[in-house]
Structures are given as structure tokens and as C-alpha cells.
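Shown next as C-alpha cells: one chain only, the form predicted on its own.
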Amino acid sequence: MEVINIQGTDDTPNVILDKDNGKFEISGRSLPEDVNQFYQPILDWIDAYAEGGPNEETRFNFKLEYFNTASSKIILDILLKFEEIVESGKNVRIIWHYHEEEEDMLEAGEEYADIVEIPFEYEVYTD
């Protein structure tokens, strides 16, 4: 399966989607000018991953410093896609990283965890 490896900018996150190596990560800042254009290939990739036989266990890392409202909706879309993978019998675990001084980011993760039926783990990091 094709690997997605997008280098982030000041406005877009780093994205790594690598099924063979079990690397799934979105990190950095997410406030792209056109959120749908930026995230559509990522959503398409996740659909193909789900349809093509996902790994027995998927550990998806979110390590976002900031995201805007439009991105927050897309993050929920991503999580809902992984919830479908969970419903198909595969293990998915969301690793939600947040900076020790960014309680808002922890709360955002907790809010997502309340919406979807996917196990979340929270990992705090420092500078």
C-alpha cells in the first residue's frame, strides 16, 4: 500500500501513513487554507486501508500543537473511520500526545474519546 509522507509547514501538519511499518501519525499545526483539499487524500488513504485489510493492531498517533475548527471536524472524520475499523474486529488505539502546558489539547482528546468507541491513551510531552 502506498505510503503517505507529508512534510508539515507552519499551517499544515506532518502526516505519515505507512501500513507496512505500522506508522500512523499526524503532528504539528493544522490550519490549512483549504482543509478539505489537504485532508482528502488522507481520508481516501484510510478508506483504502480499511477496505484492503487493516493491520491487526493500528496505533494512530496524534501529536498536534494546534488545530483550527475546520481541522477539528476532519479529525473527527478520521476517528470515525477508525471506529469502523474497530467495529470490523481489528484493534485500534489512539495515542493522543499533548504538551504538559497545553491542557486544552488534552481536553480536546478527551472530548474525541467521548464521541468515538476507540481506546485512547494520553501521552504528555515536554519541550
Partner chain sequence: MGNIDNHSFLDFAYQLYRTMKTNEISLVYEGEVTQDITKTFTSLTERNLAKSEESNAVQRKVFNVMVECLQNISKHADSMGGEDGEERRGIVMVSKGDDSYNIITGNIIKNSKVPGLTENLEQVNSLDKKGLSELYKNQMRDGKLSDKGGAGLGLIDIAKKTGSTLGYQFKELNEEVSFFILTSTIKRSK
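All values derive from a computational prediction rather than experimental measurement. Positions refer to the first chain, counted from 1.
Just so you know, the form predicted together with its partner chain exists too; it's not on screen, but the next bit is about it.
Though its partner chain is absent from this view, in the predicted complex it lies within 4.5 Å of a heavy atom of just one residue from E57, E87, D47, E65, which is E65. Shown here without its partner, the chain carries V35, A70 and Y112, all of which come within 4.5 Å of its partner chain in the predicted complex through at least one heavy atom. By the criterion of a heavy atom within 4.5 Å, D18 is excluded from the residues contacting its partner chain in the predicted complex.
Looking at E107, you'd find a heavy atom of it within 4.5 angstroms of its partner chain in the predicted complex. Though the partner is left out of this view, E83 does not reach within 4.5 Å of its partner chain in the predicted complex, counting heavy atoms only.
Taking non-hydrogen atoms only, E117 never approaches its partner chain to within 4.5 angstroms in the predicted complex. Taking its partner chain as it sits in the predicted complex, the stretch 77-102 comes within 4.5 angstroms of it through a non-hydrogen atom at H99, E101, E102.
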